[in-house]
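Form predicted alone, single chain, as C-alpha cells, below.
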C-alpha cells in the first residue's frame, strides 16, 4: 500500500515531520514501512511554456523549438515529440544546456511520464496554463507492507493513515468529507437488497450532463504517484476516493442500465457476465452480484461489468458506494481467480458508515473533474439498522500493569481520542471507551486491544525492560531426553545424518514389509491417503529415505529416533522409542554390517550379535539379534535384495530398553601401572561356526588375568580341510599388581590351548 506524503499533509494541519522521520514513526507506532520513493522530481522547477516557433532539423525527427516560459523568458530546446507545434502549451524543465545534433538545447519539454503525472511517454504533455500545474509538486511516497494492515481496513486509505499521523504528531486532523453536500429528495434509482447479511448497505447518486474527459493534472499525478493508472475523469474520481477513504466505488453509465432498479442478489446458476477486464465469468449462486432488470452488471466487491461501463459517449452516471460481507467477497474473488483493489479492501471488513461519506466526496470533487455535471434527485440508500457502537470498560491501573510503565488518565484519554475513540470517565481511574465504527469491524473489541493502542502510541521504547518477578523453578532432569541427545551426538559423530519422518504409513507400505494393516492404529482423519496408519516400525520409512537418496548418492548413512505405535486391546496405544540407523552402499560388501555393529557397541559396550531367522524384509542369511546385558535390545540386518539395489544394512534398537539396561552408576578403573602381554591364537573350527561363540570359549579359559580379546581375521582354504576355517584372536593379559612373568603368560596360553582341544578344536600355534 502506497501513501503520498503531500496527500497526507492535506488532512494533518501543520505537519512538518520529514518523510524519512515520518516513515520511522509509522513503522514504530502503526505499521511496517518498506521504503520511500521520490516522485515528480522535475515538478519542483517545471513551469508552463508556450511553443512560439518550430524549425525542423535536417536528417532528424527532432525539431528546434523556441518556447516562452514566462518568468524565465524565451528558451530554445530540441524536442522529438510528435505534438511539438506552434501554439501548444506544455511543461518546460530547466535541466541546463546541452548540445544535441549541433544545436544548443536549454532544458527540455517534458512528457507526462517524465513528470510523473501519468504514464504517457509518447508525446509532450499539453496543458491549459500555469494554474493547471500549480497543484503538482514533488512528492515522497511511503510504501507500507500490506500484511501489517490486514486487520486495519481504515488504513487502506489516506484519511485513515492521516488519522494515525495526526495522533503520532499531536496535530489536528481535518476531515475532507462534507455530509451536508448529499442531496435530499427521492432517489432517481431504486435499490433492492436480497440479503442484508451479504450486503449491509448500498448507496447511490446520479449525475447528468457529465462530460468524459481526462482528469485534471493534479488528480492524474496523485493517482500515478501511488501506482494507479489514470483513465478518465469519472473512473479516476472513484479510484481517488477509494485511495482516500478506503471506500471502493463504481460508476455505471445510466443510459446502459435496464430499468430504474438496481438489485443486489445472489447470482443465478449459469449466469454469465463480461467484466471490465474483457473476461467472461460464469457465475454461481454463491456469488453475490449487482444486477439490473436484464442481468448482472457487476460482481459485488470485485469488478464491474463491461455492458454498463463508462465510455467517451457517457453523459449520465450512477455512482455506487456499497458495503459487502468480507468473507463473501473473498470467496467470490477466489472462485473466479481475480483480486482487485476493491476486493482487497472489502476482504478486510469495511465500515458501512463509509458508503455515504464516499458519495459526499463525489459531489464535491465532481465540481472540479466535470464542472457542468448536475445532480439528479436525492440519495439512494438502503441498509439494515447499524448496530450501536460497542463500548469497553478500561481500568487505568490495569493498563499500567499490562504496559509495565506508569500511565495516567489524561494521557490515555488524549491518545484514544486522537485515534477517534470516544472516552468518558466512569469513576476514579476507570474509563468507558466507545469504539468508532471504522475500528469496530474486526479490529477492536477487548480491553487488551485498547492497551495495544495506548502502548504503541506512548512508544514501546519508553517501557523499561524488566524481568518478571516470578520465582523460577528448574524443571526435573528428563533422563530420556538426555539419553536421546547422547545417542544423536554419538551417531552424528560417526557420519550419520539424522532424518525425521511422519509417524504414518499406508496400507501398501505396511504389507510390503510383512505387517498386517489391521494390526495398526488407523487414523480417523488422515492428512493424506497414503498416511492412514500409525507406524509399528521405523524401518519402512527409513527404506523410503534410502530409496530417495540412492538416486543421488552411491554411499550414505542415515538414522532416525522415533516412536513405534502398537495397538492394545484396551486404552491408549503403546509407544516405544526406537533408533534405526542405516548404511547404504551401491557396491557389494559385508563391511557395513560390521560397521553398524561397531556403532551399536559405542552405545552399548559389550553388545553381541546373534544370528536369527530373517523377517520378510530382511536378507535371508544376513540378520541377527543384538544382545546386551542378557536382553534382546534390537536387530541388525540387511534389507532383502528384492527391496533395494545395492546393499542397505540396518540397525534397529529399542532405545527405551537400552536406556533401562544402562548402568545407573559408572565405576572408575584406574590405568594399569604394570605392562601387559599379548599373544595370538588361531582356532580351527567348522565353516559355519560363529566367531563370537569361539571368542566366548577362549575367554572362559583365559581366566581373570585376561584384559581383552580381539577378533583379528579368519581364513579358509589350503592347507585347511574343506568346510573348516581358522579364526584368529589377539589376547591381552596382565595384572594390576605386578608384571606377569613369561612363565605365567605361557601358562595362560597353554590353559586356553588345552581347554579348546578338550572341546574338540585344533589350534594353530
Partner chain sequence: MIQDDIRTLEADACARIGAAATLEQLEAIRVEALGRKGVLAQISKEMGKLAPEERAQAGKLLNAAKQLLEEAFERRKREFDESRLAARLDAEWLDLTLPAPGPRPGSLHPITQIQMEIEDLFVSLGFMVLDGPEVETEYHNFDALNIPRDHPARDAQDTFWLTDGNLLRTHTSPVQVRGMERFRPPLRMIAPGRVFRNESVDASHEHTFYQIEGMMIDHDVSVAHLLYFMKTLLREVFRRDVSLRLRPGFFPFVEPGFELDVQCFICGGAGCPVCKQSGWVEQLGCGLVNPNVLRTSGIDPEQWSGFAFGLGLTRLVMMRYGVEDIRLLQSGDLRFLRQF
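Source: prediction; values computed, not measured. We call the rigid core whatever largest set of C-alpha positions still superposes within 1.5 Å between the two forms. Residue numbers count along the first chain shown, from 1.
Below, we refer to the form predicted together with its partner chain, which is not included among the displayed structures.
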| query | finding |
| --- | --- |
| Contact segment among 201-209, 294-302, 394-402, 107-115, judged by heavy atoms lying within 4.5 Å of its partner chain in the predicted bound form | 394-402 |
| Contact assignment for its partner chain in the predicted bound form, among 543, 637, 559, 159, heavy atom within 4.5 Å | 559 |
| Residue among 690, 379, 627, 499 with a heavy atom within 4.5 Å of its partner chain in the predicted bound form | 499 |
| Distance check, residue 28 to its partner chain in the predicted bound form, heavy atom within 4.5 Å | yes |
| Interface membership of residue 481, its partner chain in the predicted bound form, 4.5 Å heavy atom rule | yes |
| Its partner chain contact at residue 357 in the predicted bound form, heavy atom, 4.5 Å | no |
| Contact test in the predicted bound form: residue 553 vs its partner chain, heavy atoms, 4.5 Å | yes |
| Partner contacts in the predicted bound form for 139-174 (non-hydrogen atom within 4.5 angstroms of its partner chain) | 151 |
| Cα displacement of residue 535 between this form and the one not shown reaching 2 Å, rigid core superposed | yes |
| Core-superposed comparison between this form and the one not shown, residue 263 Cα displacement 2 Å or beyond | no |
| Is_shifted residue 147 between this form and the one not shown (CA, 2 Å cut-off, rigid core) | no |
| Distance direction in the predicted bound form for the C-alpha atoms of residue 470 and residue 429, relative to the displayed form (3 angstroms or more) | farther |
